[in-house]
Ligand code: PEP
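Only one chain is included here, represented as C-alpha cells and corresponding to the form predicted alone.
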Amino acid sequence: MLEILRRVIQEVNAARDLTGALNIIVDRVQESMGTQACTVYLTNDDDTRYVFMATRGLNQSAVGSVSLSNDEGLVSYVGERAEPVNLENATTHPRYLFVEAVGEEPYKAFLGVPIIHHRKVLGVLFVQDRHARKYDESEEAFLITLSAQLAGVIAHAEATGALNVETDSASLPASKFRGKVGAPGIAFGTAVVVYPEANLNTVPERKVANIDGELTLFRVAINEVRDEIREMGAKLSDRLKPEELGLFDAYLHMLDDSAIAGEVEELILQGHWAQGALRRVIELHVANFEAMDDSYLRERGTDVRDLGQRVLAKLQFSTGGRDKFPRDTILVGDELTPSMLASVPRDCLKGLVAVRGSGSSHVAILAKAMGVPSVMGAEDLPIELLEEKPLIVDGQEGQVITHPNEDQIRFYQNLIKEEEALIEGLEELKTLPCKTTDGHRVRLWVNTGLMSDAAKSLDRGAEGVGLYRTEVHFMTKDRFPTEEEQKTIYREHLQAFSPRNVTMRTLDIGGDKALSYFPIEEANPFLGWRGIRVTLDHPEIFLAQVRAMIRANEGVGAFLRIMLPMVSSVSEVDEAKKLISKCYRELLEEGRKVDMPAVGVMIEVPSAVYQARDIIKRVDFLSVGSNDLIQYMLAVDRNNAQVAELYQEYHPAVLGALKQIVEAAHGENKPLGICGEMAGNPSAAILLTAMGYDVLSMNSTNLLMVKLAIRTFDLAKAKRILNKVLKMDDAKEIKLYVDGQMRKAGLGKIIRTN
C-alpha cells in the first residue's frame, strides 16, 4: 500500500491543474482499493454547499452540476465531524441522503474522509462498495493520507481563482492572499518572480514568440551537457569497467533527438519556452521510470532528473540573470534570499513577497532594516502567474493583492497618506529623550547592517547601535572579505554613529543564513553549526573580524562593543574572550592606539537563560536576541509559515525568561538590552520597560512609535500591566490585554495587528 501511495502522490504532484489531480485521485483510489466507486465533493466559495467534482463509479454527467447544502447527507456529516466516517451500510444512517442524479443507489459500504487545509474543510473524499462491509484500518489510513495530499492542490487552485494553472493570468480577478507581516508599509508595483537556480520543480509555464531563439538556446545547452558527459567518461576510462562506462553512453542516448531532446524541441515548436518544455518532458520520463515495478529501473528516474538539472543549469546560465528591473519592482519568490535582494537596484525595489518564511526570518529582518514593505509565508500565492503583473503589498496586515481594482488602489493610497501623516506627527519626538511620564529613562538604539541604515536611523533620533549584523557583508560577497575590507566597512559605520555606542555582532551564519562559498549542509541547521560555534571552530575567521573591528575604531571615538551570538555555555564565552584579548594585545604590540572594546553576549537559547548569572559575571553586558530565543523556547521554526501562529512573543514562558534575564544582569549591576523584533513592538516595549531593560534596539522604522508609547505611560502603570500579564497563562489573552491598555492610552494607531 505504501508503494501505491507514493506513486499516486507523485502523479498528483505532477498534475498541471485541479481537474487532472482530482481525476488521478479517484482513478487510482478506485483501482488500488478495489472499490466500486470513488468520489470527491468540494466546498463552494462561501462554504455553504458541497459540489460534486469528480468520480469513478457514479454518474460522470453529474460532475459540476450536483451539490449538497452544508447540512445535507453523509458528505456534510464528514465535513462537520472533520474526521473519517466508516459505515458498513450507509443507507441506514440518519444522515443518509439519496440523490438520484449521481446514481449511488446500489452502494452500501461508505468510507469518507475530510479534505482539510490549515484547519479549513475544503471537501470530502469517499469510496463506496455495493456490498455491506467495514473498511479496515489500512484502507482508512490510505484514504486519509491521500486527502491530506489533495488538500494542498485544492487550496492552490482555489487561491488562483481558476482550475487550470495555465490560465492566462491577465484574466484573473483581483484576489487577496494572506501571509505574515514581514516589514510594515504599503507598496504598489510590478511583480518580478525569482526562482532558485537549476531547480526543475520551480520552473513555471511560459509562452515565447521567438521559437527559433529558444531552439538555439536549448540545442547549445544540450551540446554542452553532451560534451561534459563525454569528458567525464574519458577521465574515468582507466578506473571503470567497460560495462560501468556504458552508463555514460546511456546518458548520451537519453539526450538524443529521438529521446529527451527531440521531445523538448517538439514542445518548443508549440510555443513553450525551453526551460518549461524541459521540465515537462523530464517530469514525464521520471514518472514513467518511478512507476515501474523493477527497483533498478525505478532508480533510473534519478538519472533522468539529474540530466534535466544539468541541461536546465546550462539554459539558465545562457539566458543570464535579469539585468533590468521595473522602477516599481515587487520581488516575488518561493523563498527569498539576501543575494536575491542584492540583485535588485535599491531605488527599484519597492516590496517583497515570499511564499515561505515568516516575519522574523532574516530576509524579513533585512526588509525592515531597508524600509521595504514585505509579506512572508503567502503559501497559496500562485507565483507562476504573476510575472510582470500588478501587485499591492500590504505589510500592515500581511496580505498581497493581485490584479488590484480601482477601489483597492484608492483604499491603499489613502492608507499610505494616513501612514505618512502618522510619521509626520511623530517627527517632533526625534530630539526628545525616551522616558516615561515619571522620568524613567530607556535608551532606544537601532539594528543595522547596511550603511544606508545609518542616516535614516540618526534622523529618527537613534541613540546608538544595539546590533550591527556583520554577516550582511559576508553574504553579499563570493568569498570571505579580508581583514582590511572589513575594517573599511566597519569604520564607515563607527564614524557615522560616533560618539555613540556601536554593538557589532561577530559573524552569525548557519541556520537560514548561508554563505555560497562556505556551505553548511545539515539535516537540522537551526540546531547545528551556527553562530559562535562556527567562528570558534574557525579562529582564523574570528580573529580577522575582531582585529578589523578594533582597528576600525582607532581614532574614531565611537564606543565599540563586540557581541557574541548563539552562546550556549560559559566555556564558549571564556574561549572567545581569550581570542579577543589576544587580538587587542597584538594590535598594541603593533603600535596601534586602540581601546579594548566592551564584550557582551546574546542570550538566544534556553541554556543561556539559565546560565545568565554565570555569563554576565564574565562579560560587560547582555543583550537578548528575542527572535531566536522565542524560536528555541517554543520549538517553533520562525521560517515555517505553517507554525507561524505558534511563534508568540507574549507567550508566558517567554515573558518569564525575559524577566529572569533582567534579574541576572541587574543582580551583577551590568547593563542589559534586547535587540530582537520584540523591542520594536510598541506594546511589547511597555512590558520590557517595566521589566527593567535598559536598552531597546530595533529597526529605525519603529523607533519613534516605540518612543511615543514609552513617553505615554508612567513606570508604575507599566509595572501594573506587567504584573497583571505575568499571572496570565495564554499568549493571546496577554496580547489582547496589553493592546487594550494601549488603546485606552490613545495609542491604537501604533498597535501591531499581526
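Each residue number is its position in the shown sequence, starting from 1. For clarity, every value in this text was computed on a predicted model and none was experimentally measured.
Absent from the display: the form predicted together with the ligand. The rest refers to it.
| said: I'd like to know whether D628 contacts the ligand in the model of the complex, with contact meaning heavy atoms within 4.5 angstroms. | reply: The answer is yes: D628 has a heavy atom within 4.5 Å of the ligand.
| request: Please check if K513 has a heavy atom lying within 4.5 Å of any heavy atom of the ligand in the model of the complex. | output: Flag for K513 set to yes.
| query | Can G123 be called a contact residue for the ligand in the model of the complex at 4.5 Å between heavy atoms? | reply | So G123 does not count as contacting the ligand.
| said: So, G673 and the ligand: in the model of the complex, are they within 4.5 Å at any heavy atom pair? | reply: Looking in the model of the complex, residue contacts with the ligand do not include G673, since no heavy atom lies within 4.5 Å.
| message | Whether R443, R500 and A665 jointly form a contact site for the ligand in the model of the complex is the question; each needs a heavy atom within 4.5 Å. | response | Heavy-atom distance to the ligand in the model of the complex: none of the three under 4.5 Å.
| said: Heavy atoms within 4.5 Å of the ligand in the model of the complex: which stretch in 465-473, 451-459, 478-486, 203-211 meets that? | reply: Selected stretch: 465-473.
| Of A155, I365, I268, A261, which residue is found within 4.5 angstroms of the ligand in the model of the complex when only non-hydrogen atoms are counted? | Contact check passes for I365.
| field | Listed residue (M602, L331, A378, L385) with a non-hydrogen atom within 4.5 angstroms of the ligand in the model of the complex | value | Contact with the ligand in the model of the complex is made by M602 alone.
| query | What residues of 486-514, in sequence order, lie within 4.5 Å of the ligand in the model of the complex by heavy atom? | reply | Residues within 4.5 Å: R505, D508, K513.
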